[in-house]
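Taking the form predicted alone, here's one chain by itself in structure tokens.
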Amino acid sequence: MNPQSSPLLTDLYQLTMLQAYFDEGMNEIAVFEFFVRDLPPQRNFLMTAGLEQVLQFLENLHFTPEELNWLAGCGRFNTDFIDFLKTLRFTGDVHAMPEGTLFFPHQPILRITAPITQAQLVESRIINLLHFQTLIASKAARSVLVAHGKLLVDFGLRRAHGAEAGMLAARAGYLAGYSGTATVLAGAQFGIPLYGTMAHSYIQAHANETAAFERFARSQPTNTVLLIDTYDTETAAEKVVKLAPRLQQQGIHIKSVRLDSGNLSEHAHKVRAILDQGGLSEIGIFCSGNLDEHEIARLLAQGAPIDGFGVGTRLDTSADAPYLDCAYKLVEYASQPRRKRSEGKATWPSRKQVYRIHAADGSLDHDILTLENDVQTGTPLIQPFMLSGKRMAAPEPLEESRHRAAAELARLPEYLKQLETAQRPYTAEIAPALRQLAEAVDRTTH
């Protein structure tokens, strides 16, 4: 079994509901929508990511003989249902906001329209894929906004919550505007630029720092980035000044030095002065070590002469907001609108569209959430991606999604770019037609 593509990567209740639907002969067309109920603390917007992985999952949805044998042997499901699963494939439609789109609470970023057995089965994995990458892309976008074009590198694989999380975090970060990642497989699989330096162990393995610096430079002549805080940061910077002319004679130019501990602002100022006095103003300073958007903003506000940042644990775990209050809910079945009325978790019925209205300067002004057939002015954000189980176009290149994300961030009004919660939320209206339908559904369902 491939755990990443297996339909068994789901919650048990999906399969028990499928058995019940099968027993009842229920398999009319159902419509489910994925949305976020509320913004996490200190978030003024979210960014969509993960759609490509959802489409791949749906394209390849099927049960292998091994998986069917396991289901048959677990004693929970009858033979006729197992036979039904043998031919189950995704034959439905997918409508979604393209990756890199900014969105707000209650706006569906994905809609699945398919026979209910298919649409129900895929719920858990769809939430799993969309939730995680959207969470990380939204976190990464905040660093992009405060870094103002400086180099940003994902360093988080080693502390990500598993291998898939590390890979998809690298993808989501790059989509949101990071320069690249240290995760090699993400470079191979997604074409993300790779960045890397050295660890303290490399320095410690040598008799002295200068020897370590020189040998690494000869081994990596086109990517000489030297870690200088293993022992004494400023002393190491002075060693770099002495070493640089000898390396230059060999055609090797030190690209930058890396700081990973201590008072990064203070060390960066001192190291910059040492390098400049040594005639090495072209050497950059790259910093890492428990960074996030708040620390980056603080360092830059202090005028720290830092050219790039490696952001790891706090990005790949979205440490300050580690989850989204998201849901995948039924909004229509057998052509009839459906609406959940649970306290604090009510949903809007039927298929919907989000229209975005821009101000005269091109910035986001407000949105309107309405029924799919209630045409409004503005730009419709939800687009078709699959019809009858088939993609409508080739997979979108990651670079294209990345360009969209950059354009979206550029259109954010200033009050939404700040790291703290905005004094006023973005205006996302609920159209009268949608409110009226919800009231009508409430009168007829119980």
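Position 1 is the first residue in the sequence shown; the rest follow in order. None of these values were measured; they are calculated from a predicted model.
The next section is about a form of this same protein that is not shown, the form predicted together with another copy of the chain.
Could you tell me which of 144-152, 293-301, 279-287, 165-173 sits within 4.5 Å of another copy of the chain in the model of the complex, going by non-hydrogen atoms? Heavy-atom contact with the partner occurs in 165-173.
Out of 364, 241, 157, 254, which one falls within 4.5 Å of another copy of the chain in the model of the complex, going by heavy atoms? Among 364, 241, 157, 254, a heavy atom within 4.5 Å of another copy of the chain in the model of the complex occurs only for 157.
Which of 403, 37, 62, 391 has a heavy atom within 4.5 Å of another copy of the chain in the model of the complex? When another copy of the chain is considered in the model of the complex, the option within 4.5 Å is 37.
With a 4.5 Å heavy atom cut-off, would you call residue 93 a contact of another copy of the chain in the model of the complex? Result no; residue 93 lies far from another copy of the chain in the model of the complex.
So in the model of the complex, does any heavy atom of residue 342 sit within 4.5 Å of another copy of the chain? Output for residue 342 is yes: heavy atoms within 4.5 Å of another copy of the chain.
Is residue 426 a contact residue for another copy of the chain in the model of the complex, using a 4.5 Å heavy atom cut-off? No, residue 426 is distant from the partner.
Going by a heavy atom distance of 4.5 Å, is residue 32 a contact of another copy of the chain in the model of the complex? Close contact exists here: in the model of the complex, residue 32 approaches another copy of the chain to within 4.5 Å, heavy atoms only.
Could you list which residues of 303-332 come within 4.5 Å of another copy of the chain in the model of the complex, counting heavy atoms only? If the 4.5 Å heavy-atom criterion is applied to another copy of the chain in the model of the complex, 303-332 yields 313, 314, 316, 317, 319, 322, 323, 324, 325, 326, 329, 330.
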